[in-house]
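Taking the form predicted on its own, here's one chain by itself in structure tokens.
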Amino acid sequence: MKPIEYIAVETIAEACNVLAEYGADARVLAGGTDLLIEWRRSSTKLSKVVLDISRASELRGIIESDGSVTIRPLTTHSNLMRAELVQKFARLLGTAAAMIGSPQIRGRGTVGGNVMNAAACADTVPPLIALGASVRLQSRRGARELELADLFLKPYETKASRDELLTAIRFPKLAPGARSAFIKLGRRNALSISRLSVAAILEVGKDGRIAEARIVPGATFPTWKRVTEAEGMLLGEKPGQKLFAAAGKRVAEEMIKASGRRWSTEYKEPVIAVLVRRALEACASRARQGVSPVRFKGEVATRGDAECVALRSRTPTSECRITTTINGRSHNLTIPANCTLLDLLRDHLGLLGTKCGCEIGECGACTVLLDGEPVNSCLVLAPQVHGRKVVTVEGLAQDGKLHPLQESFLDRDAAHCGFCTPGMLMSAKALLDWNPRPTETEIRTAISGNLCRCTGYQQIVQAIAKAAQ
């Protein structure tokens, strides 16, 4: 990867100071799942300074207050999936987070990055707009708030100034009677970019008629918005398939008004109409039957950084000193700022079990555990593991005895060519740590970010299931 000049900060104030000094010459690094891929492209011109905000504990967490929920921007998609507050007051947002990328991407990617990247396919933006979210932008000049729907100018461009940092996303709690749904259409079940998506919220009154309706399509308009023309058709009406189909058709009509007829319209026009209908039907069904419980292990505690020594510097640096624990052993290292965790493990420490595959976060061969979460080590900048714990496949066996997962892989002949096996083992380890008795569906979801080029998935699934017994 190209050389970079790096600054890490611990507070919002420090971040704002750096942005005030460097402006357009600074690039903010949070999870890095998009940024590191971009930096590897030969055509990419790097910013003068990389500003790492991942250590700022002020930017982590989900908070309930005054009838609203505030999500801080470093909250990961995995955090969103598991948070009780999200499941209780913004279920569709948790659903959207669960559909992003893979478990490894969800463990690193942040809601703030998803919003500020402003890609038309961003999965968390339609639910947040449907929820009526606003954002707080902060700089050394002060802070301002604006509606999330008003933040975007066009794909990949927002109204945030070069010296402003996203510090909070806030939305009102959904009313107890409101029901929500998020539907995404992609080319595959995992590691899929949205071709189209729909976030919907319905509230049905005691008289059985629709009292509130919100519809926000994704990857449909140049920027996201509620389709009020379709929403108005629903108000005061009783839920029904014909009504929902008509609303879906109206959304398709509004899409064509905004973008005109293009080569993709023949496909998108009927599909977005069907997705809207299905999302509304899902909302109505939940309103009648009640919401089924979601399996999760309570509120996720967001990691604080009080025990970490900051790597910040008043001037950018091309080298960093880090202290990290890898497989239970503490390491004090000086590394290039552009070193990835994958490079650190293989080239600096000789831990060759972690494999180098695609280097874009799609094959999963480089999967390791970072503070217990599966991550693609090719998409983690090594300075970001300062003060944190990493476990690789070499750390599974203890005192000369294989881990039960390793034993099970041997017993079930789940290791074929062996290239994907270390990553599969680490993804399975993360799953069993969270959920000791997973279903087959949960196992398949856990390894959905790991590709087996020998296509031996059935034996791998069976091996993980056996280890869980």
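Each residue number is its position in the shown sequence, starting from 1. Fair warning: this is a prediction, and the values are worked out from it, not measured in the lab.
What comes next is about the form predicted together with a small molecule, which is not displayed.
**Q** With the partner left out of view, is M99 within 4.5 angstroms of the small molecule in the predicted bound form by any non-hydrogen atom?
**A** Although the small molecule is absent here, M99 would touch it in the predicted bound form, with heavy atoms inside 4.5 Å.
**Q** Flag E231 as yes or no: does it have a non-hydrogen atom within 4.5 angstroms of any non-hydrogen atom of the small molecule in the predicted bound form?
**A** Although the small molecule is absent here, E231 would stay clear of it in the predicted bound form, with no heavy atoms inside 4.5 Å.
**Q** Quick one: is E58 in contact with the small molecule in the predicted bound form, heavy atoms, 4.5 Å cut-off?
**A** Judged by the heavy-atom cut-off of 4.5 Å, E58 is well away from the small molecule in the predicted bound form.
**Q** So in the predicted bound form, does any heavy atom of G361 sit within 4.5 Å of the small molecule?
**A** Yes.
**Q** Within 4.5 Å, heavy atoms only, one stretch in 427-435, 25-33, 62-70, 440-448 touches the small molecule in the predicted bound form. Which?
**A** Only one stretch passes the 4.5 Å heavy-atom test: 25-33.
**Q** For the spot marked by M116, E164 and S192, is every residue within 4.5 Å of the small molecule in the predicted bound form through some heavy atom?
**A** Judged in the predicted bound form, M116, E164 and S192 all sit within 4.5 Å of the small molecule.
**Q** Considering the small molecule in the predicted bound form, which of G109, P127, G218, P374 comes within 4.5 Å of it through any heavy atom?
**A** The residue from G109, P127, G218, P374 that makes the contact is G109.
**Q** The small molecule isn't shown here, but in the predicted bound form which of V390, L196, M81, L379 has a heavy atom within 4.5 Å of it?
**A** Result of the distance check: L379.
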